[in-house]
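This document starts with one chain, in the form predicted alone, laid out as C-alpha cells.
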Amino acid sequence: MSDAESPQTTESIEPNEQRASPDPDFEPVSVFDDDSTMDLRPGADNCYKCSVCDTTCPVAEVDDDFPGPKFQGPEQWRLKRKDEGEIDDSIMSCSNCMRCDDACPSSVPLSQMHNAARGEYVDEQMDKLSVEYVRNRVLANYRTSAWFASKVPRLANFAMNFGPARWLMEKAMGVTSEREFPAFAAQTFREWWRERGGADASRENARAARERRGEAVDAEKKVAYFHGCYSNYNTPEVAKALVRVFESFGYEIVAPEQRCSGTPMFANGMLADAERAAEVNVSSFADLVERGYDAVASCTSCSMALKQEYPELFDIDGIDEVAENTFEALEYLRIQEDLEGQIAEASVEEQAFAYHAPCHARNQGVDRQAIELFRDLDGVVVEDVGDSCSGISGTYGWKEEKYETSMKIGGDMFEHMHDAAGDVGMTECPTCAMQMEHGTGYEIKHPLQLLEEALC
C-alpha cells in the first residue's frame, strides 16, 4: 500500500521498517508514463514525508514559491499516478544540486525523480519555439558553443563580454548580463595533450616516475581521464595539473574521446541530448575499463554524472562497469597512494585558501578531502567556508530569472569567504569557482593545482 493510499498517522516510522515490509501487491509500473526502463515506485513509497529534504533545499530556503524536493519527487509522482496530470512547471526551478539525495534518511531517489520529471516536462509541455527552451538548449550544450569559441578564443573573449552584446543576450535570450563570461583558453587541454605527445609521452613519463619511486617499471598503473568541457576549453591548467600529479605517482594517462558529462543537460531536462553524450562517453571508457584502466575526473559534477546519474537514467552497455570504476581525482589518489604521507613531507610558499565543498562532492562523500589533505601541508592554511550551496548550480545562475535567487543562495558562502584568511578560494567544481569569483572577486584554484605545486 502506498503512502497516498494509507491513512495519515502521527506515529514515526523507521526507514528500515519501511524497507522490511514490501507491498505484497507490488506490480512494477512506469514513472511519469515513461516506458518500462525506469521504475521508481519502491523508492517513492519509501518516502514517509519527514520533509528533511525540504529543509536542506537551498532553493526552497530563499524562494517561498518553490515547493521543494518532496513535492517535486514523491508527491508529484503520486499525483500523476492518480489523474494523469501535467508536471508542475516549478520543476524547472530545481537547481539539481542533489542535496536532497544526501539528506533523505529513507534513500528515496529524489534527484532521479526530478531528472525524470524535468525531462518529461521539457519533452511534452515546453514550447520548443520559446525563448526559454532555446536559451536552455544553448546553455545545456555548452560544449558546442565552446568548441566554436575555442577556434577564435581572443575574439570570443572580447565578443562574449562586450557590453552591448551582453545587453542584447539578456533581452533576447534571458542570459543574465550580471556575470562575466569565463575566458576561453588560447590553447585547449586536448591541443596541449596532443602537442605534448599524448598517451605515448605519458607512458614514458610514468615509467620514469615509477623507476624513481622504486616501483616496478611495468606496474599496471593506468587511468583514463575524463577532463570535461570546462577543463578543456577554459581552465586547461587544472587538467595539466592532473596529468603532472598522476604521472609523478607513476600513472599512465589516456584522454579518450569524450563528450559533455551531461550535467547541464540533466539540469535543463534535455535527457535525449544527455543520453547521446553518455553513449559516446560510456563507449570510450567501458573499453578502457575492460583493459584495466580506472576513470578519473577533475570535476565533481562530471564524476557524479558517470557514477550516479548515468546508471540511474540510461540503459547503455557497459554503463555499470564505468560507474563502478569512476573516481574523483583526489579521491582516487587518496585510495591508491600514501598522499597524506607525501603532503606531510612537502612545503609550499605561505598562502591561505577559503575552501568551498561543491554539493556534488558532498553527494560522493568527498567534501572534506581537501581540508583533510592540506592541513598537514607546510605553508598552507585552508579554511572550510561552511556547508552552504554556492547557488550557481551550473547553468542555473546564468538565467536572468534565476540570477537573484542564485546570489541569495550563495550569500552565506560569500560572507564566510570574506571572514576566512587570505583572498584565494578553492573548490573542485568549475561553476562553483565562477560563483565564488563573482561574489568575492577572489582568484579561485582547484586542489589539483596546489597538489601540483607541492609535489611536482
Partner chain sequence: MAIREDVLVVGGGIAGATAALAAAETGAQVRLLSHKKSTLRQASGLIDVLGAVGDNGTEVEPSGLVADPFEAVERLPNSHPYRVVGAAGIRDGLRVFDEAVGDAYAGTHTDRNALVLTHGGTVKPTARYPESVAPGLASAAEKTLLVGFAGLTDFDAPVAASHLDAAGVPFEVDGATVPFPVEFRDDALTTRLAKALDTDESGARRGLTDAVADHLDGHERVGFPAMLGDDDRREVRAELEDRLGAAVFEIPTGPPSLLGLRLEDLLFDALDEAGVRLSSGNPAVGYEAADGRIESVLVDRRGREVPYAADEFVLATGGLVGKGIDSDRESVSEPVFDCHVPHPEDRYDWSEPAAFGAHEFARFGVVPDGDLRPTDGSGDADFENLRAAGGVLGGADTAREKSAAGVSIATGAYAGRRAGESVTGREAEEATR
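Treat the numbers as computed from the prediction; the structure is a model and nothing was measured. Numbering follows the first chain given and starts at 1.
If you look for the form predicted in complex with its partner chain, you will not find it shown, but the lines that follow are about it.
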{"query": "Option touching its partner chain, based on a heavy atom within 4.5 Å in the predicted complex, out of 324, 195, 378, 220", "finding": "324"}
{"query": "Contact residue in the predicted complex, from 129, 335, 186, 216 (heavy atom within 4.5 Å of its partner chain)", "finding": "335"}
{"query": "Three-residue site 54, 67 and 104 fully in contact with its partner chain in the predicted complex at 4.5 Å by heavy atom", "finding": "yes"}
{"query": "Stretch in contact in the predicted complex with its partner chain, which is absent here, among 250-258, 236-244, 343-351, 364-372 (heavy atoms within 4.5 Å)", "finding": "364-372"}
{"query": "Residue 404, heavy atom within 4.5 angstroms of its partner chain in the predicted complex", "finding": "no"}
{"query": "Heavy atom of residue 420 within 4.5 Å of its partner chain in the predicted complex", "finding": "no"}
{"query": "4.5 Å heavy atom contact, residue 294 and its partner chain in the predicted complex", "finding": "yes"}
{"query": "Contact of residue 135 with its partner chain in the predicted complex (heavy atom, 4.5 Å)", "finding": "no"}
